[in-house]
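In the block that follows, a single chain appears as structure tokens, in the form predicted on its own.
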């Protein structure tokens, strides 16, 4: 098989996996929504609606058809880019997701920056002092922080830093009267666009706690991966040759070992970026941020079927897309993976 055909076959398999994953995810969530107790038509019509009004809403939403018919109608609309209409906001689900996605992306990006800015220096220090007290301390902290439930950590930080010592806001995205004019939907970028530094600082204080909680969930993984990779490289022959030439340990670590150890970290960070979007559901709910997570939580509570399905598929599509990009980047930048995948370098 030629190189071009090998690449095409690789991409085709990955795309097929993405399609199958999204179909399985959507089908599973559709089934779960249907078995949850409650009447979507009654919820949409309101608690005081008459039986005739409920029947009219059920017919308008297509809920009077069988489950099989509803299932195929949903996928038929989806293929045309229609995620349905929310029974709580009465807006197209896609429009709701477009309004809430920027806030979630802001949270994920800030959390990833905190993640990398903490885990990479910690991994470098631990590898440089392997076997010492600092290395042992960092490893113990990684085990402790990595085992903390996200909701417990969020509540503890809210209590200590927000409720008790009042260092940061306890929840929300902006203080009253400080929200900048909406342009992108990202509070920090909107504040910068408006030239309002007070609003920017206000938005940053609100994002610190939720981003820190989200970062802690994944920073221990980056730390362990980088430390393990660095230790392997530091014991390699070419590092011994660099040391023999008189290079300092700092230059050996940062100038030679770190660049050759970063590939597993980049791969893991790309995978984490997609996982963070899913984890944001819990974090946004605890901190009352107006993102996809809060939107999805409210949709589940209201049994808003199309909003739940649209949110899950939207998040799933982003995660699958990021994983696909990571797979492609691995093939492009690492000749060892390329050789293993295609049988040649």
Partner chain sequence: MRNMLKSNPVSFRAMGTALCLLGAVAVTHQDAAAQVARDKAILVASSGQINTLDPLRSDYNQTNVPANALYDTLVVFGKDNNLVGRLAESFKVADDGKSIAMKLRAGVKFHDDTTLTAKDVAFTLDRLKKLGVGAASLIEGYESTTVNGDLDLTINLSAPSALFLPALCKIYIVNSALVTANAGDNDGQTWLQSHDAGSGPYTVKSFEGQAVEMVRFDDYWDADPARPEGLVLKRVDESATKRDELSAGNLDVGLFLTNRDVVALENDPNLTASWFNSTLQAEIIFNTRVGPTADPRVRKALRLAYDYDGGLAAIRLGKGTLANGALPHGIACRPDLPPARRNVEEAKKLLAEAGQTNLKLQLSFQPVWEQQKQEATLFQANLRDIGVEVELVPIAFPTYLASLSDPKTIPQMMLLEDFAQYPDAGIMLMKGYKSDAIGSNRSGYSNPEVDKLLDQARVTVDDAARCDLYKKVQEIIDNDSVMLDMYTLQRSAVYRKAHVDGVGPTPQVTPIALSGLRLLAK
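Residue numbers count along the first chain shown, from 1. What you see is a predicted model; the values in this text were computed from it and never measured. Superpose the two forms; the largest set of C-alphas matching within 1.5 Å is the rigid core.
Below, we refer to the form predicted in complex with its partner chain, which is not included among the displayed structures.
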| item | value |
| --- | --- |
| Contacting member of 221, 229, 267, 158, with respect to its partner chain in the predicted bound form [4.5 Å, heavy atom] | 158 |
| Listed residue that, although its partner chain is not shown, lies within 4.5 Å of it in the predicted bound form (heavy atoms), from 117, 171, 134, 205 | 171 |
| Heavy atom contact within 4.5 Å of its partner chain in the predicted bound form, the stretch among 67-75, 107-115, 147-155, 207-215 | 147-155 |
| Contact label in the predicted bound form: residue 141 to its partner chain, heavy atom within 4.5 Å | no |
| Its partner chain contact in the predicted bound form: residue 166, any heavy atom under 4.5 Å | yes |
| Residue 83 within 4.5 Å of its partner chain in the predicted bound form, heavy atoms | no |
| Contact label in the predicted bound form: residue 271 to its partner chain, heavy atom within 4.5 Å | no |
| Partner contacts in the predicted bound form for 59-95 (non-hydrogen atom within 4.5 angstroms of its partner chain) | 60, 88, 89, 90, 91, 92 |
| CA of residue 285, rigid core aligned, shift of 2 Å or more between this form and the one not shown | no |
| CA of residue 250, rigid core aligned, shift of 2 Å or more between this form and the one not shown | no |
